[in-house]
Every structure is written in structure tokens, then in C-alpha cells.
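One chain comes next, on its own, written as C-alpha cells: the form predicted on its own.
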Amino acid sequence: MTAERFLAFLRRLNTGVAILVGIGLLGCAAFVLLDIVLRQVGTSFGGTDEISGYVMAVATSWGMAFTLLELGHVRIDLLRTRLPSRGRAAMDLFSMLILAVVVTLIAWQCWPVLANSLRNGSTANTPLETPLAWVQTPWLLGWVWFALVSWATLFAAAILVLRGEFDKSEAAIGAFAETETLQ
């Protein structure tokens, strides 16, 4: 499988993940909206703020890989835009390396949080007393997925750079050419 096909596969896979996350967010919004309506008639589900917070944490961790592949993360390209294609490729690979390392460290540090919750049978200090492992497991898996996608994307882009395909590498991990679209 070529690097381009692998990146296209990752994009399709993450698009599916993003759709599932979006459905979860829509479900959460419907749940909150229904609770608001119920409050108007004097009743409530209770715990919608807690549940929506959990949904947002899980959605964020899983949505990061999709955002990476769609080049949606914020970047400051003051120096990068002034470099030739090899220099831009080097900066892109360096930024992907830093991102992959940081995300891996985050995922690594998420495990002790889940492990402690599992060991202690921790529950939320709320009326719902939600078992924290129920929320922390998909949250951790989202960070692990983001780390794996970051490393896979870095390696695929590095292969493209080594083959001298700087345009393809830039399309995979570079920044959108805002300067071109603004002119």
C-alpha cells in the first residue's frame, strides 16, 4: 500500500469515527434539549450537565485524529511559508513529530487515571455516581487513537518526503495555503 493510499484509508476511517462522534453529540444535544423542555413542566432528568461533559470529553479525544487528517489544527506558519518546498517539508515533519510525541505522552498519562478508577471503583462525586471507568475508557482510547494516527501520518509523510514528493507530503501534513486563497 502506498503512503497516499494509506493516508486516504486513514481519512475514510476517521471520517466514520467523526460521523459516530457527531451522532453522539447530536444525541447529547437532544438529551439536553429534552431536559430543558421537561424543566418547563416541572420535572427533569437530572445530570444532563454531567453527561454532556462526559460526551464532550470523549468526543474531543476521538475528534482530534479527524481534525489532524483534515489539517484543521491551528498552526502558525510565519516562517514556513517563506521556505522552499524542502524547508516546508522539514518543518511539517518536525511539527508532526512534536505532535505525535506530545499526544503519545498525553495518552500515556491518561492510563494511570483510568487504572486508578478501575482499582478504586471510583464514581463521580455527583448524584448520578457514574462509574468513572465508563467514561475514562473511551476517553483514553480516543487519545490512543489520536497518537496512533499521528505516528502513522508522520511515517507516511516521511516516506513521501524521502521519495521527493514534497507536494503530496504537504497535502498530507502541511497547512492550507491561506496566502494563495486570499490573493
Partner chain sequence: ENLNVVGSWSSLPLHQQYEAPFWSETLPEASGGDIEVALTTHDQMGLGVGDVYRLLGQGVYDVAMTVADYAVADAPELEGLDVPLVATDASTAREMVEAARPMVDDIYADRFNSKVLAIAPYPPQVVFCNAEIGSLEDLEGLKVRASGRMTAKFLEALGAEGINVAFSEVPGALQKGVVDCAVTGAGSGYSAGWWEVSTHLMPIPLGGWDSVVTAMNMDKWNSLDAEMQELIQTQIKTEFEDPAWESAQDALVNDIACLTGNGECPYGDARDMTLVEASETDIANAEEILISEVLPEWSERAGDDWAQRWNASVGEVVGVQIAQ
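Computed from a prediction, not measured in an experiment: that's the story for all the values here. Numbering follows the first chain given and starts at 1.
Absent from the display: the form predicted in complex with its partner chain. The rest refers to it.
A.B. asks: Taking its partner chain in the predicted bound form as the reference, which of Leu141, Ala158, Ala124, Leu148 has a non-hydrogen atom within 4.5 Å?
C.D. replies: Answer to the contact question: Ala124.
A.B. asks: So, Thr2, Glu4 and Arg86: all three within 4.5 Å of its partner chain in the predicted bound form by heavy atoms, or not?
C.D. replies: Answer is no for this spot.
A.B. asks: If we check its partner chain in the predicted bound form, which of the residues in 80-102 reach within 4.5 angstroms of it by a non-hydrogen atom?
C.D. replies: If the 4.5 Å heavy-atom criterion is applied to its partner chain in the predicted bound form, 80-102 yields nothing.
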